[in-house]
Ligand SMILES: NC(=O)c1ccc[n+]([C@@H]2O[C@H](COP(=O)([O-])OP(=O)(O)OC[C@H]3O[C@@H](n4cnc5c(N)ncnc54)[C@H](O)[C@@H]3O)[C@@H](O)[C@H]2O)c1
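Take a look at this single chain, the form predicted alone, given in structure tokens.
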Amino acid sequence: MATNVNINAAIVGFGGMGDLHRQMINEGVRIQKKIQNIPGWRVSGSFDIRQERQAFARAHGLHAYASFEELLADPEINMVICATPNDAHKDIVLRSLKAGKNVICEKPVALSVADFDEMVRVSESTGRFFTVGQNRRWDEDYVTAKKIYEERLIGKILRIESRVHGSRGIPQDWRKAPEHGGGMVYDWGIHVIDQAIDMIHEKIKYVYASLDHYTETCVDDGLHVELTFESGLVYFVEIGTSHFIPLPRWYMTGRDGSAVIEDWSLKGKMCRVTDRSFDQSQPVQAGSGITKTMAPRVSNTTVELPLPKVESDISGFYNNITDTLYHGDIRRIQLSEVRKALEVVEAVFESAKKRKVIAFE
């Protein structure tokens, strides 16, 4: 291992996500129009059951291990990155931990809370580091929404709507197969649920969900989930793959205003009330009638504000692992939070199946 490399990684499952880890670590992350490598990290090998991916790995300077066993036996490897289809995660994580490797597993880390608990027990018994690739905690749209919530920039937040819309259905691969843990709950759903848990540090009281099957019958191709927190805040998440006109990525309602984040490029704005005492709104024409209730506020009683854009990038994920392993820093992704997200996922499936609200905590 090179002297300037603390974490020498090998990737199991060298598909799109596996190669993305290689690119970000070995070739660098784009930060403010510059490409910067992840300090102290190197991906030096990989294993995939598909020969074309083995050849691709060799073409990009990696050692393509002939077997998973050969990878685990390499003393130079101290981090395994699991990026296989979802149903293979448990076996790879357990075997890697027992072989003395630290492990990053792509989401969803497991297809049940029970399987995840077993992974945690083995991590604790072996003393190996174990985390999950919830990379969307570093998305700039998310950290900007989180700032609006935490700093009450539109007053106390009452409702948060988080949406990801596409129009191409589910990709033509294992994501369409239930036996591999396919479907949108396990794909994008786990991301937006994880963001809710990371943002709102309250108990979840209720979960109410429905699933879409617009283009797929075997797996869900969309979801709608309403999480009600202890304070009464409602956090609504929606994933859709048949939305040809997407709704905003974020819409937030506060006691003193509203915020909208249109998309990942952070187009959007906030609007905040400045004077509640002055209200001379006149009725306006609304379709075939008039309304005073829905008439716009007088312009001098509100102010439009830019979004408090927060700079962020995925290097924070890798750097936090380094700081946790070598400098005693606190994990950014707590395993208790990962477990809670999986509990919510199980409640989502139960709620959708029973068509009822599930009491959560």
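Residues carry their position along the shown sequence, with the first being 1. Fair warning: this is a prediction, and the values are worked out from it, not measured in the lab.
If you look for the form predicted in complex with the ligand, you will not find it shown, but the lines that follow are about it.
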- Note on the structure: The one residue among E238, D221, D141, D187 placing a heavy atom within 4.5 Å of the ligand in the predicted bound form is D187
- Item | Contacting member of Q195, N102, S162, N86, with respect to the ligand in the predicted bound form [4.5 Å, heavy atom] | N86
- Query: Heavy atom to heavy atom, is V298 within 4.5 Å of the ligand in the predicted bound form?
  - Reply: no
- Query: How about V12: is it within 4.5 Å of the ligand in the predicted bound form, going by heavy atoms?
  - Reply: yes
- Query: With the partner left out of view, is R175 within 4.5 angstroms of the ligand in the predicted bound form by any non-hydrogen atom?
  - Reply: yes
- Might G169 be said to contact the ligand in the predicted bound form, defining contact as any heavy atom within 4.5 Å? no
- Okay, which stretch from 117-125, 187-195, 225-233, 209-217 lines the ligand in the predicted bound form, with non-hydrogen atoms inside 4.5 Å? 187-195
- Query: What are the residues of 41-64, in order along the chain, with a heavy atom within 4.5 Å of the ligand in the predicted bound form?
  - Reply: F47, D48, I49, R50, R53
